[in-house]
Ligand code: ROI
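One chain comes next, on its own, written as structure tokens: the form predicted alone.
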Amino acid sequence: MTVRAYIGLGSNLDAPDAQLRCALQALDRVESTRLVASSALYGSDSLLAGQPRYTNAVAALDTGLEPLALLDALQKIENDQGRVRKERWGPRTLDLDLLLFGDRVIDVPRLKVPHYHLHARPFVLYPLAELVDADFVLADGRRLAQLLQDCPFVGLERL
């Protein structure tokens, strides 16, 4: 059985646009997984002052993997592209977040789905909105339209 999963992509080091393009290709090569669509690229300010701007996107995948196996595959792609974990929300070559996994709500130590900061991140919500219907409802019952209304398109630039 395949599940539609949505992945947030971000980079602010080492040619971010190229990092995201490479990551999209890598996502399409994950076992039992197919890249279905990806949003446009967006530029956004960093969550921490003094960092370079980020390039962000969202990808839709159809996957036969279980959530933690998909998370492992995402972290392998990050590591393969030079991700070094020094500080929370610090600069990075690549960040891949599992945002949504079908209609499942997941709350285990390694993974929270829907992503726990999804509602507060316009650099995730607006690219996600490109890939779903206008009346999209998250697995936890929140409506994407309401999240967009509550999280304005501020600090974003569609590239």
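Residue numbers here begin at 1 and follow the sequence given. No experiment lies behind these values; they were computed from the predicted model shown.
There is another form of this protein, the form predicted together with the named molecule, and it is not shown here; the text below is about that form.
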| query | finding |
| --- | --- |
| Listed range touching the named molecule, judged in the predicted complex by heavy atoms within 4.5 Å, from 119-127, 66-74, 22-30, 102-110 | 119-127 |
| Contact label in the predicted complex: residue 93 to the named molecule, heavy atom within 4.5 Å | no |
| Proximity of residue 48 to the named molecule in the predicted complex, heavy atoms at 4.5 Å | yes |
| Interface residues of 53-78 toward the named molecule, as seen in the predicted complex [heavy atoms, 4.5 Å] | 54, 56 |
